[in-house]
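Listed next as structure tokens: two forms of one protein chain, kept apart as structure 1 and structure 2.
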Structure 1
Amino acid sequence: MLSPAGVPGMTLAIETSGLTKTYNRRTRALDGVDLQVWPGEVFAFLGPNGSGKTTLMRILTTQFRPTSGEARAFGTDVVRRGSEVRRMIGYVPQETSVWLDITGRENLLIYSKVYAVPKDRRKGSIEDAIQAMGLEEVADRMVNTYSGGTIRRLEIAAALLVKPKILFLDEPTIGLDPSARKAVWESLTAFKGECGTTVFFNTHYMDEADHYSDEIAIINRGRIVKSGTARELKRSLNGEILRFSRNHKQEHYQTHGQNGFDEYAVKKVRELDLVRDAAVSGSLLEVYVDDGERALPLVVEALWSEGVTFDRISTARPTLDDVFLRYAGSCRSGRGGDGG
């Protein structure tokens, strides 16, 4: 990856080094995060539940301090010069952040005052934000009559009032149906095209990271385990995936503890020469190999010798889902097992 010194005169939009955060002296939510986001980029921060995505975003948006490490937004230290940083960012938290018992336009008006939009520009900013997020028709209705997708667009609109240099979105489309998700992203993409704002978003939807981001980082247990463009990530799993599945009913899929693949057998597969890695998710065993035709017999033999049975084998080229499962998924199924 390029170092900031690689492009003289270019300031990174976001830069962190060795960032850690420990809650209550016990929970280590971030465990040494180094991150670089270039100006104008759409950056997807991908990770399973509880991996530390929200924690990182709350530090970057100056809500609390990291336990150690540094973070800068356009060269400005987010800890020491928080108030300057606050002036250049927009932020949409994971949870609902508008008042439901007033109208959409009133929400924007209150937020424009809270965010210190100058009086003479207030009206214009509100109109721009309403337009950017396609809220013209609903702006004067009470927010408690909105659908989930519309509320989300209103929240993003409120973050656009200050014309931010960086827009932070914490799981912007969580809980939305596919068409609402699409509407949110279409509005965002259009806004982005016009203003060139850097967008940093958390998600656990692979397809969103794939479609809408320029760059992706995958976080697991407070550490960035992989980063790059969607294509780079997929290519990093070059070769093939052998999928061994068991024909279990849906509910068994959830409780893979008893019905999944034996940890020891998986470990044995992982140690085979032609195998790059193996991961279990539910009743599915995924084996990453360079050459499927040669590796398959060996893997089958290893599994059989451990008494492991399966109903079906298929092969596939990696998708971003596979990248995610490989870097963030395997640790979840192997909880307490391998550390990395």
Structure 2
Amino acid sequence: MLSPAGVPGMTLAIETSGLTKTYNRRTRALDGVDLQVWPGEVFAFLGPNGSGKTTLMRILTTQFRPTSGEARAFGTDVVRRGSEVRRMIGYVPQETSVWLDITGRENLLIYSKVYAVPKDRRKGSIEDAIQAMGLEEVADRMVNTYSGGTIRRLEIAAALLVKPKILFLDEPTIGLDPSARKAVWESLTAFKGECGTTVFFNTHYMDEADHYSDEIAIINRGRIVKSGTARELKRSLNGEILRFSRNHKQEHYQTHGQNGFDEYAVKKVRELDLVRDAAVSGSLLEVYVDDGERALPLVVEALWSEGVTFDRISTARPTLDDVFLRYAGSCRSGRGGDGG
């Protein structure tokens, strides 16, 4: 196999084969996941809540054991040789993982001891991590005075102390405002460029996956349903998207359910010759077509014939949000067994 760089035989940074994880003998969080991540890539892993994202990351970081299948980091089995894997990776969970009642520098000193950074290298490693995440001005302040974005950068700095070959980030910018999110990613991008670290991250922010990732995989109900670059994924939808939205409650909601789009009407739309597919998300119906001008009157007629009314029609070219809704939008809520 050739890597994207054309180097034959290059060892994959992450590789899984037939990976499954079952909880309580009945809830299957992962269902035969095959995944390949090349060294130096920024890899985005997308999926609805409960789709298996966090379960996969916890297996790759040696926290969970899979029920079956294999997973390797740079050719090293994450189950049989977990201690070796832990020495080559960094991991930042969703939950706050630093102490708030001490300074940022003191946090990094503690983590340098936890990660067994040699004593004669600790000071240099701490300074490198501080600079990598742009924390020079706040390193000696109490963490409880930090903003949410600065705390996140400190947590990532702690994971960078060992200069990991793979950095795992579980929802790295969740809850942060746009400027804080941008600051986190600018620091991560600079560090990756300097050290060549592979970055594997889960996110619900489609713009992050679109702007910062080299490759993307979408998981739904424990299975990889689509993968590729952001451009490839958007091109997979082709054509245009016709959007029909309902912005106010009418009697029709009581007749046709919470979404306001009758399932038979949507089925009728899908069967039209000029329609590639249709998907409902909340009060929005999206219809994927090759030629919006020709398809629009046919779709409107099909909806009206089933008594379906709507408040607004718009058209758009596919975005990564559209890709997500197309391939994983049917499972937006959790189903137990996996937080992500």
Ligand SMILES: Nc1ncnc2c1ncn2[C@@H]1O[C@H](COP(=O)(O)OP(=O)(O)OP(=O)(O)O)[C@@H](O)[C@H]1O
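Quantities reported herein were computed from a predicted structural model and do not represent experimental measurements. Please note that residue numbering is based on structure 1, beginning with 1 at the start of its sequence. C-alpha atoms forming the largest set that superposes within 1.5 Å between two forms make up the rigid core.
Just to confirm, one of these is the form predicted on its own and one is not; which one is it? Answer to the question: structure 2 is the form predicted on its own, whereas structure 1 comes from elsewhere.
Please say whether, between structures 1 and 2, the C-alpha of Thr27 moves by 2 Å or more once the core is aligned. After core superposition, the displacement of the Thr27 C-alpha between structures 1 and 2 reaches the 2 Å mark, so yes.
Core-aligned, does Leu296 move its Cα 2 Å or more between structures 1 and 2? Comparing forms between structures 1 and 2, the Leu296 CA shifts at least 2 Å.
Relative to the superposed core, what is the Cα shift for Glu271 between structures 1 and 2, in Å? The alpha-carbon displacement, core-superposed, is 2.8 Å.
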